[in-house]
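Okay, here we've got a single chain as structure tokens, the form predicted alone, with questions on binding and movement later.
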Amino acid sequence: MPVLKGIDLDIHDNETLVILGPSGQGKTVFIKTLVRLIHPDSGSICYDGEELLTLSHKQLYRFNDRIAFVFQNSALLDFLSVQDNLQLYLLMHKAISPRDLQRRTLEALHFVGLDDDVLDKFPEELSGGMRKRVAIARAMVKRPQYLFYDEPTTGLDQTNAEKISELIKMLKKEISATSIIVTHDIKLMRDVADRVALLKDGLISFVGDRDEVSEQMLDFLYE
């Protein structure tokens, strides 16, 4: 049975697009398909006129340098410290001096409101909100052109959810990335979206500016 059913969606440069819908509607499948973590049965995914689904491994490697993904569960590597989690991509894929590596690490850590003493901690020693902030810092270190978030506020209390919302807005300004967020959190959508796509039963029923999303639309979406 198809999870997504003929979705046709344009995403604009430097915007924050929120894909909103209840759980179980295909949001995570959709966002993972956009970065080829899941390969669709059919269709086309284009970035700046370049067809993602036909890229060679070498071309896909270069494409991955332009994106960062903040996973719902943060997806930090439990056997690495916070510092090692933040630095892993740069050490593996960039020619970077130790000085610049440390500078970018601390810039990202401080940007998300965490202190240097967190660097030596392991993910299991952090709260859920702190792990999410480290995951966002890891994305920031990469300086991506496209930034993807999968349910960034799920499992967080209101205070931490609001902190993540603020970080999403601040990070967009800091690195001028196009941000794509999938969520069921209406408040997050109201706080951060430039445009909104409503997803239900594998179909997009509406795409438009945040202020165009009415209570009637939301009632239909969550009925």
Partner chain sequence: MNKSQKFFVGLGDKTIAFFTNVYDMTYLLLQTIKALPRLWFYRRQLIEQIYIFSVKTLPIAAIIAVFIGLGATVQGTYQSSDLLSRAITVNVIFKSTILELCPIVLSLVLAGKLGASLAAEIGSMKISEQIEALETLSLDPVGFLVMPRVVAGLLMLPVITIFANFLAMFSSFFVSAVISEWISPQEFYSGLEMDFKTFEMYFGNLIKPAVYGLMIALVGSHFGLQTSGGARGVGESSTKAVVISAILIVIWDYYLGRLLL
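Residue numbers count along the first chain shown, from 1. Remember, predicted model here, so these are calculated numbers, not experimental data.
There is another form of this protein, the form predicted in complex with its partner chain, and it is not shown here; the text below is about that form.
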| request: Using a 4.5 Å heavy atom cut-off, indicate which stretch of 184 to 192, 48 to 56, 171 to 179, 62 to 70 touches its partner chain in the predicted complex. | output: 62 to 70
| said: When its partner chain is placed as it is in the predicted complex, are Glu151, Asp157 and Ile164 each within 4.5 Å of it, taking any non-hydrogen atom of the residue? | reply: no
| request: State yes or no: in the predicted complex, is some non-hydrogen atom of Arg138 no more than 4.5 angstroms from a non-hydrogen atom of its partner chain? | output: yes
| its partner chain contact at Arg104 in the predicted complex, heavy atom, 4.5 Å | no
| message | I'd like to know whether Arg131 contacts its partner chain in the predicted complex, with contact meaning heavy atoms within 4.5 angstroms. | response | no
| Could you tell me if Ile96 has a non-hydrogen atom within 4.5 Å of its partner chain in the predicted complex? | no
| field | Residues of stretch 81 to 105 in contact with its partner chain in the predicted complex (4.5 Å, non-hydrogen atom) | value | Asp84, Leu88, Tyr89, Leu91, Met92, His93
